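The chain that follows stands alone, in the form predicted alone, written as structure tokens.
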């Protein structure tokens, strides 16, 4: 899988830009605040349907413009694809792949697979459980759009349950009579999500453990920690658990149990990486997980995802930089950097200089 061409119109700080990528290494360099990351963001949009950093889509439209336009041409082992996206200044968005309109996010997933590496990846290890859940959900959704649809349906039902719990406190009515209805629906959806998360974590744990061992010689452990722990993951047992714990949720006026509170346990040599690992060890753990994710995608699809490295090389010491460089050598990778030192003597590398929202191919 590789991207052939990307075209931007009124996107972020770009009036217009067209980039033809190498199927291998592409270095996007320039001073800070020139628009390097915006190019990776545009690619990420077609893979995930949303930005990895903007809170709303309207932030992506160049100031003073009525819309932003994006076009991407990419190829996988089966065929060539063309994706188009238009974002209006009020945030409304239209997307098509191969001239077919996409109306649901789950329809967009699985066309273009990417794995992004960024300095913020450290938060996968040291940040909140929500960040780790987002890592899991994003990775699985790229390969199994039905997972995303299930997750979105779960969140919809969860909001309805929370609304019921809040209304009971406000009105003083007994919500127990209808709470079981929402618990039954949540249990059915949660079981599917838990099974997928467990299977994904088992695969990532194996791959990341091997990578971590190669990099540092230390034992990296990753374990899925469900909020509700059952002897057997069944909808019946899940529903029974939720009903048995209804009193606490009624008292709290919100859902206290469920997959929305799941987490990952990440350890280095058996110790909690969040609490006891150094920043270097945490960075190794996060890097190992991202490399394992790319291998997981290759195992499922038979081809590697596009790798997006957003100023990550400057964050790594020489050993980790050399290890990562070796792992990405035969894959398409888009790297942002403030210089061209990463090129070395690789004749397959394409260089793009970014300056004030303009792109110049200087290969």
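Predicted model, so just to flag it, every value in this text is computed and none were measured. Numbering follows the first chain given and starts at 1.
Here the subject shifts to the form predicted in complex with a small molecule, a form of this protein not shown in this document.
Among residues of the shown chain, residue 35 is one whose heavy atoms approach the small molecule to within 4.5 Å in the predicted bound form.
Contact annotation: residue 329 falls outside 4.5 Å of the small molecule in the predicted bound form, judged by heavy atom distances.
Of the heavy atoms in residue 61, some are within 4.5 Å of the small molecule in the predicted bound form. Although the partner is absent here, residue 350 lies well away from the small molecule in the predicted bound form, with no heavy atom inside 4.5 Å. Just one listed stretch, out of 321 to 329, 298 to 306, 43 to 51, 27 to 35, contacts the small molecule in the predicted bound form at the 4.5 Å heavy atom level, and that stretch is 27 to 35.
The candidate site formed by 13, 311 and 338 is fully in contact with the small molecule in the predicted bound form, as each residue has a non-hydrogen atom within 4.5 angstroms of it.
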